[in-house]
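Okay, so here's just one chain, in structure tokens, the form predicted alone.
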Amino acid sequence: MPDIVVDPADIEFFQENGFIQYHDFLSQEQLSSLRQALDSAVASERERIRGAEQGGRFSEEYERVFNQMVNLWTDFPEAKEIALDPRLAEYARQLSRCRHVRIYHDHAMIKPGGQESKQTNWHQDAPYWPMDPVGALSAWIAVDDVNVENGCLHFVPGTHKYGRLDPISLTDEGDSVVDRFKEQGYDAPQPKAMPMRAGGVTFHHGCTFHYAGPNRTKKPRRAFAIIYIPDYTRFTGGKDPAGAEEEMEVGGPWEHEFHPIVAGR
């Protein structure tokens, strides 16, 4: 593969805004393979977190937000192809300005359609991750065409600069990191919607405020995210979705076979 060079203007945009969008990033062949993995995982009723109690599924209310499954790359070769894709990882590495990135986990998110579908509340990702300093970022892939009607992402520009805030509930419709932010006297810029065709991708910082509305269409909305850990980020203890917490040192790097380096050195 030839050297991948991310436009310096894109890096500056990401650093300033906490997100960036690329259209038609994946090929049709990659999309077809990824769809097969997600559809197979749903059809087999694959656990949300393999090996976890009740498969990591504790709330029907949460399933109305989305059916999510993590670490598909460990048991679905088609998902592994995308989760460890060197081009995606190299974009993440350069956008985050680090020496290398490891995979934290992949994350399939199938938002059900119809009247039972719920919004994904305004939140940050970083409060739920056992790592410090904050710097991890996600690549969010549209596996289907996404728009406001079926639950595309929205970002509030620049909010990553406020750092990690308290976590919010993803099932309580009254909870929102944006509302909390405003209650503290801060002004939040207008959010930016991210509609895109299947194969498009957004990258966003773990502290960027983001949201996805309910899926008001009849078809499920499929998305697939990969979370990347920069080299300077350390494990802070707590539960690791890959189940590797007992094999890593608190305060140490994320050195584990379930968290391989996927770009850089």
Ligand SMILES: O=C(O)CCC(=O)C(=O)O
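From a predicted model like this one, the values you see are computed outputs, not experimental measurements. Heads up: residue numbers just count along the shown sequence, starting at 1.
The same protein also exists as the form predicted in complex with the named molecule; that form is not shown, yet it is the one meant from here on.
Contact check at 4.5 Å (heavy atoms) against the named molecule in the model of the complex: none of Val101, Glu245 and His259 pass. With the named molecule omitted here, the record of contacts in the model of the complex names 207-215 of 233-241, 207-215, 27-35, 193-201, defined by a heavy atom within 4.5 Å. Taking non-hydrogen atoms only, Asp125 approaches the named molecule to within 4.5 angstroms in the model of the complex.
Heavy atoms of Arg164 never reach within 4.5 Å of the named molecule in the model of the complex, leaving it off the interface. Contact check for Gln94: every heavy atom lies farther than 4.5 Å from the named molecule in the model of the complex. Shown alone here, Leu153 lies within 4.5 Å of the named molecule in the model of the complex, counting heavy atoms only. Only one of the listed residues (Met109, Met131, Leu170, Val178) places a non-hydrogen atom within 4.5 angstroms of the named molecule in the model of the complex, and that residue is Met109.
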